[in-house]
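Shown here is one chain on its own, the form predicted alone, set out as structure tokens.
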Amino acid sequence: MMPYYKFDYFSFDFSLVVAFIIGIGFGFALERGGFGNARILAAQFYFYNMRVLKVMFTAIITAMLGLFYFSWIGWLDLSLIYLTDTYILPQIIGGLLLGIGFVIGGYCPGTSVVSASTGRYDGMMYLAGMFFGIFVFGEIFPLIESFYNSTPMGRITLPEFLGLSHGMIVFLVVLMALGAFAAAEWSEKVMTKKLGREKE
């Protein structure tokens, strides 16, 4: 039965080793997928290279289906999967800020680490900026703590929020992914032709 750590199949120390190995594997996969290159990442915002959307949505669908069917078979207890609390307004604002930073710099936090680890100067600068931002956030946190903890919703999932079953949410997200893949293919064809670029 999973998750293994919650059922004491291994110790906390060993869980850190597992997390480290998974993290290295995830970073390697991102780098091999071209996600250490800011031009590829930023291209999705101009709709001529939608690789990021396709790869990330594929990863989300694969993980979601795996969790759903493992739970259905009885191999996984979904109630033991760690979830962070939801604070809807500050998290929306934080998501928008992250998106703005992504458009400007061409990286998200994870891909900036991948880029920096492969020796790219822009990735190193982005990573330095991220740590500076963390430092500033820590310094001003007492001033924004009330906003940070505002609009609490507890640990809530989409099925609970929308009042739908897990199976229906899985079905709807798969439909959304198929629509997004079709739209991504269409936008790549239109924008590469409009911009006079070769499809990557």
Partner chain sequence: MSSLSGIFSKENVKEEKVFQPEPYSNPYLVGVGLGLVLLAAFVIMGRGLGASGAASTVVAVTVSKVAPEHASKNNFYKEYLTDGTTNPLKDWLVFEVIGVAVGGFLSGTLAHRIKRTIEKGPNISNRMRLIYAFTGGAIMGFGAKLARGCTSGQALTGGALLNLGSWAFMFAVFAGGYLTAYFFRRQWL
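Residue numbers count along the first chain shown, from 1. Since the model is a prediction, treat every value here as computed from it, not as a measurement.
Below, we refer to the form predicted together with its partner chain, which is not included among the displayed structures.
Contact check for G179: every heavy atom lies farther than 4.5 Å from its partner chain in the model of the complex. Residue contact check for Y121: one or more of its heavy atoms lie within 4.5 Å of its partner chain in the model of the complex. Under a 4.5 angstroms non-hydrogen atom cutoff, its partner chain in the model of the complex lacks K193 among its neighbouring residues.
In the model of the complex, G163 stays away from its partner chain, with no heavy atom inside 4.5 Å.
Of the residues in 142 to 173, those that come within 4.5 Å of its partner chain in the model of the complex through at least one heavy atom are, in sequence order, P142, I144, E145, F147, Y148, N149, M153, I156, T157, L158, P159, F161, H166, I169, V170, V173.
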